[in-house]
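Here we start with a single chain on its own, the form predicted alone, put down as C-alpha coordinates.
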Amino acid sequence: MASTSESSKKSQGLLHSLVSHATEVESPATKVYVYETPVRLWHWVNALCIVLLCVTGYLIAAPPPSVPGEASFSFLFGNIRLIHFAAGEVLALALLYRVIWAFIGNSHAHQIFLPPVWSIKWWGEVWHEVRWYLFLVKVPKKYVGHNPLAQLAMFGIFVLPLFVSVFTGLALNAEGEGIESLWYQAFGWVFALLGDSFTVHTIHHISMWVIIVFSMIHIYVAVREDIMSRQSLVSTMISGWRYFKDDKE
(Lines give C-alpha, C1' and ligand atoms only; values in the text may rest on other atoms or scores of the structure.)
Protein backbone atom coordinates (compact mmCIF):
# COMPACT_ATOMS: atom_id res chain seq x y z
CA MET A 1 0.00 0.00 0.00
CA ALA A 2 2.87 2.37 0.88
CA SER A 3 4.66 1.63 -2.38
CA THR A 4 1.46 2.42 -4.34
CA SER A 5 1.18 5.77 -2.57
CA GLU A 6 4.83 6.64 -3.27
CA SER A 7 4.54 5.73 -6.94
CA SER A 8 1.42 7.86 -7.32
CA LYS A 9 3.26 10.87 -5.85
CA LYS A 10 6.13 10.40 -8.29
CA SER A 11 3.75 10.12 -11.24
CA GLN A 12 2.19 13.50 -10.43
CA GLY A 13 5.29 15.28 -11.64
CA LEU A 14 7.68 18.00 -10.53
CA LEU A 15 5.20 20.91 -10.42
CA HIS A 16 2.84 19.02 -8.10
CA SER A 17 5.67 18.09 -5.76
CA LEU A 18 6.83 21.72 -5.62
CA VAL A 19 3.39 23.04 -4.79
CA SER A 20 2.70 20.30 -2.24
CA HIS A 21 6.06 20.73 -0.61
CA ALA A 22 5.76 24.52 -0.45
CA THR A 23 2.57 24.30 1.60
CA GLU A 24 3.42 21.28 3.74
CA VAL A 25 2.88 21.91 7.44
CA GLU A 26 4.64 19.73 9.98
CA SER A 27 2.88 18.67 13.16
CA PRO A 28 4.38 19.89 16.46
CA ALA A 29 6.92 18.12 18.64
CA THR A 30 8.72 16.41 15.76
CA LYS A 31 11.92 16.91 13.83
CA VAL A 32 12.73 16.63 10.12
CA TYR A 33 16.07 16.54 8.30
CA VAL A 34 15.77 19.48 5.90
CA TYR A 35 19.08 20.91 4.71
CA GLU A 36 21.76 18.54 3.49
CA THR A 37 25.44 19.19 4.15
CA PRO A 38 26.15 20.72 0.69
CA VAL A 39 23.33 23.25 1.18
CA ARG A 40 24.52 24.23 4.66
CA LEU A 41 28.12 24.50 3.47
CA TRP A 42 27.06 26.76 0.60
CA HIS A 43 25.03 28.94 2.98
CA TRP A 44 27.98 29.73 5.24
CA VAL A 45 30.57 30.06 2.45
CA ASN A 46 28.12 32.35 0.68
CA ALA A 47 27.64 34.43 3.85
CA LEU A 48 31.41 34.85 4.32
CA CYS A 49 31.93 35.83 0.68
CA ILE A 50 29.09 38.35 0.82
CA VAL A 51 30.55 40.02 3.91
CA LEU A 52 33.98 40.28 2.27
CA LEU A 53 32.51 41.49 -1.01
CA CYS A 54 30.28 44.13 0.58
CA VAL A 55 33.06 45.55 2.76
CA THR A 56 35.66 45.61 -0.01
CA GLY A 57 33.07 46.68 -2.61
CA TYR A 58 32.10 49.67 -0.50
CA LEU A 59 35.78 50.62 -0.13
CA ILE A 60 36.30 50.30 -3.87
CA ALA A 61 33.34 52.63 -4.52
CA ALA A 62 34.43 55.03 -1.74
CA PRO A 63 38.21 54.55 -1.45
CA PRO A 64 39.96 55.20 1.90
CA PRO A 65 42.29 58.21 2.23
CA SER A 66 45.73 57.92 0.71
CA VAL A 67 48.29 56.11 2.83
CA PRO A 68 51.53 58.05 3.37
CA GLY A 69 54.84 56.57 2.29
CA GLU A 70 55.90 54.42 -0.61
CA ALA A 71 52.84 52.79 -2.26
CA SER A 72 54.63 49.49 -2.82
CA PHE A 73 55.10 49.12 0.96
CA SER A 74 51.38 49.23 1.74
CA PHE A 75 49.50 48.31 -1.46
CA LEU A 76 46.29 48.91 0.49
CA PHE A 77 43.90 49.44 -2.40
CA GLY A 78 45.50 46.62 -4.35
CA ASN A 79 44.88 44.24 -1.44
CA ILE A 80 41.27 45.43 -1.18
CA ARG A 81 40.73 44.66 -4.87
CA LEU A 82 42.50 41.30 -4.52
CA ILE A 83 40.19 40.24 -1.66
CA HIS A 84 37.17 41.47 -3.63
CA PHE A 85 38.05 39.57 -6.80
CA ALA A 86 39.03 36.39 -4.92
CA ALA A 87 35.81 36.41 -2.88
CA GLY A 88 33.81 37.09 -6.04
CA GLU A 89 35.30 34.11 -7.85
CA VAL A 90 34.61 31.86 -4.86
CA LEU A 91 31.03 33.21 -4.74
CA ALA A 92 30.55 32.48 -8.45
CA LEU A 93 31.86 28.92 -8.14
CA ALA A 94 29.74 28.34 -5.02
CA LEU A 95 26.64 29.59 -6.85
CA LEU A 96 27.31 27.22 -9.74
CA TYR A 97 27.75 24.39 -7.26
CA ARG A 98 24.48 25.34 -5.55
CA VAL A 99 22.55 25.38 -8.83
CA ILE A 100 23.84 21.89 -9.64
CA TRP A 101 22.86 20.66 -6.18
CA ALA A 102 19.34 22.00 -6.71
CA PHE A 103 18.91 19.24 -9.30
CA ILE A 104 20.50 16.38 -7.35
CA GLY A 105 19.67 17.29 -3.74
CA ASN A 106 16.50 16.60 -1.78
CA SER A 107 13.16 18.34 -2.34
CA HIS A 108 14.22 21.33 -0.21
CA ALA A 109 17.30 22.06 -2.31
CA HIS A 110 15.46 23.69 -5.22
CA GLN A 111 12.96 25.83 -3.30
CA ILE A 112 14.84 29.11 -3.56
CA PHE A 113 15.29 28.76 -7.32
CA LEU A 114 11.74 27.86 -8.35
CA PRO A 115 8.90 29.27 -6.23
CA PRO A 116 5.57 27.83 -7.46
CA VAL A 117 4.10 31.14 -8.60
CA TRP A 118 1.57 29.28 -10.78
CA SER A 119 -0.26 27.98 -7.68
CA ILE A 120 -3.24 29.95 -6.31
CA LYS A 121 -2.99 27.94 -3.09
CA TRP A 122 0.66 28.94 -2.72
CA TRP A 123 -0.21 32.66 -3.10
CA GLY A 124 -2.79 32.20 -0.35
CA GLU A 125 -0.03 30.82 1.87
CA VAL A 126 2.16 33.80 0.95
CA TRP A 127 -0.62 36.18 2.06
CA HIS A 128 -0.99 34.28 5.34
CA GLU A 129 2.75 34.71 6.00
CA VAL A 130 2.54 38.43 5.21
CA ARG A 131 -0.20 38.77 7.82
CA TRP A 132 1.85 36.71 10.29
CA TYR A 133 4.88 38.97 9.91
CA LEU A 134 2.63 42.03 10.35
CA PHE A 135 1.36 40.56 13.66
CA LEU A 136 -2.16 40.19 12.24
CA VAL A 137 -2.23 36.41 12.80
CA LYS A 138 -1.73 34.90 16.24
CA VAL A 139 -0.81 31.30 15.37
CA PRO A 140 1.90 30.62 12.77
CA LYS A 141 1.92 27.77 10.30
CA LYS A 142 4.91 25.44 10.46
CA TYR A 143 6.71 24.51 7.27
CA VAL A 144 9.33 21.85 6.69
CA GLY A 145 11.42 23.96 4.31
CA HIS A 146 11.12 27.65 3.49
CA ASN A 147 7.68 29.12 4.03
CA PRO A 148 6.06 30.52 0.84
CA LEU A 149 6.90 34.16 1.59
CA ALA A 150 10.50 33.19 2.31
CA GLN A 151 10.63 31.35 -1.02
CA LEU A 152 9.42 34.44 -2.83
CA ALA A 153 11.82 36.77 -0.99
CA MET A 154 14.80 34.44 -1.40
CA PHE A 155 14.20 34.20 -5.13
CA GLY A 156 13.28 37.82 -5.82
CA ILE A 157 15.64 39.81 -3.61
CA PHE A 158 18.48 37.38 -3.07
CA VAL A 159 18.95 34.77 -5.81
CA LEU A 160 18.26 37.12 -8.73
CA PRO A 161 20.46 39.97 -7.36
CA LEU A 162 23.12 37.37 -6.58
CA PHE A 163 23.19 36.27 -10.23
CA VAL A 164 23.28 39.92 -11.31
CA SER A 165 26.19 40.61 -8.95
CA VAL A 166 28.13 37.58 -10.17
CA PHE A 167 27.75 38.27 -13.88
CA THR A 168 28.33 42.03 -13.66
CA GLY A 169 31.32 41.43 -11.38
CA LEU A 170 32.85 38.90 -13.75
CA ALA A 171 32.27 41.32 -16.63
CA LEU A 172 34.02 44.15 -14.79
CA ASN A 173 36.91 41.85 -13.98
CA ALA A 174 37.04 40.86 -17.65
CA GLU A 175 37.19 44.52 -18.63
CA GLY A 176 40.25 44.94 -16.43
CA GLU A 177 41.89 41.94 -18.05
CA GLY A 178 41.47 43.52 -21.50
CA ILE A 179 39.24 42.91 -24.50
CA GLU A 180 41.65 40.33 -25.90
CA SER A 181 41.52 38.17 -22.78
CA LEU A 182 39.62 34.91 -22.37
CA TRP A 183 37.74 36.55 -19.49
CA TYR A 184 36.34 39.20 -21.85
CA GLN A 185 35.45 36.64 -24.48
CA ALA A 186 33.47 34.77 -21.81
CA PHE A 187 31.73 37.75 -20.14
CA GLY A 188 31.93 40.64 -22.60
CA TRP A 189 28.30 39.94 -23.56
CA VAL A 190 27.26 41.60 -20.29
CA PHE A 191 28.32 44.99 -21.69
CA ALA A 192 26.44 44.31 -24.93
CA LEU A 193 23.34 43.49 -22.86
CA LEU A 194 23.47 46.21 -20.20
CA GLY A 195 25.45 49.01 -21.83
CA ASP A 196 28.70 50.76 -21.05
CA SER A 197 31.05 50.21 -18.13
CA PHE A 198 29.42 52.91 -15.99
CA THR A 199 26.00 51.24 -16.29
CA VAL A 200 27.42 47.83 -15.39
CA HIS A 201 29.22 49.35 -12.39
CA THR A 202 25.99 51.02 -11.25
CA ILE A 203 23.93 47.83 -11.54
CA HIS A 204 26.66 45.90 -9.72
CA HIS A 205 26.65 48.49 -6.94
CA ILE A 206 22.85 48.52 -6.61
CA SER A 207 22.72 44.72 -6.43
CA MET A 208 25.15 44.88 -3.51
CA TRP A 209 22.78 47.13 -1.55
CA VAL A 210 19.80 44.91 -2.36
CA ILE A 211 21.69 41.92 -0.95
CA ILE A 212 22.71 43.92 2.15
CA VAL A 213 19.09 44.89 2.83
CA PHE A 214 17.97 41.30 2.27
CA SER A 215 20.66 39.99 4.64
CA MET A 216 19.49 42.28 7.45
CA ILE A 217 15.87 41.22 6.96
CA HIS A 218 16.92 37.56 6.69
CA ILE A 219 18.77 37.62 10.02
CA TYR A 220 15.90 39.42 11.78
CA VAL A 221 13.27 37.03 10.42
CA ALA A 222 15.32 33.92 11.26
CA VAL A 223 15.73 34.98 14.89
CA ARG A 224 12.10 36.13 15.10
CA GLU A 225 10.77 32.83 13.77
CA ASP A 226 13.00 30.85 16.13
CA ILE A 227 11.34 32.66 19.03
CA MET A 228 7.76 33.30 17.88
CA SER A 229 6.86 30.40 15.60
CA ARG A 230 8.38 27.82 17.94
CA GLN A 231 10.39 26.02 15.29
CA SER A 232 14.13 26.00 14.73
CA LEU A 233 15.62 28.12 11.95
CA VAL A 234 19.11 29.28 12.89
CA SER A 235 20.24 25.92 14.27
CA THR A 236 18.68 24.14 11.28
CA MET A 237 21.27 25.71 8.99
CA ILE A 238 23.96 24.31 11.28
CA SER A 239 22.69 20.80 11.98
CA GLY A 240 20.29 20.32 9.06
CA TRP A 241 17.45 19.29 11.40
CA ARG A 242 14.31 21.38 11.89
CA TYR A 243 12.69 20.96 15.30
CA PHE A 244 9.01 21.70 15.81
CA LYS A 245 7.83 22.71 19.26
CA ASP A 246 4.30 22.96 20.62
CA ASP A 247 1.62 25.37 19.39
CA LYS A 248 1.58 27.65 22.42
CA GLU A 249 1.11 31.29 21.54
Partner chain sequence: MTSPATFYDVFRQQGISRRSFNKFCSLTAASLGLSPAFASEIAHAMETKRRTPVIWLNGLECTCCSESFIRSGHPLVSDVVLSMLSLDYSHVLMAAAGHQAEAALEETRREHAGEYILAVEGNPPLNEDGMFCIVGGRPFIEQLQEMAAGAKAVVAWGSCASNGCVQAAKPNPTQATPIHKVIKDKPIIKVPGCPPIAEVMTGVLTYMLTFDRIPPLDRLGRPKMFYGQRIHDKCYRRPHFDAGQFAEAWDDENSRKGYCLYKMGCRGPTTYNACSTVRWNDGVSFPIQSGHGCIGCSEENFWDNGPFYERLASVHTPLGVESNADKIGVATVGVIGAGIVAHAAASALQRARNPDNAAKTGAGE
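Residue numbers count along the first chain shown, from 1. Remember, it's a predicted structure, so these values are computed and weren't measured experimentally.
The next section is about a form of this same protein that is not shown, the form predicted in complex with its partner chain.
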query	finding
Joint contact, 68, 176 and 205 to its partner chain in the model of the complex, by non-hydrogen atom at 4.5 Å	yes
In the model of the complex, residue 234 touching its partner chain (heavy atom, 4.5 Å)	no
4.5 Å heavy atom contact, residue 227 to its partner chain in the model of the complex	yes
Contact flag, residue 75 vs its partner chain in the model of the complex, heavy atom cut 4.5 Å	yes
Residue 118 within 4.5 Å of its partner chain in the model of the complex, heavy atoms	no
Among the candidates 48, 212, 222, 32, the residue which, in the model of the complex, approaches its partner chain to within 4.5 Å (heavy atoms)	212
In the model of the complex: members of 153-191 within 4.5 Å of its partner chain, any heavy atom	175, 176, 179, 180, 184, 185, 188, 189
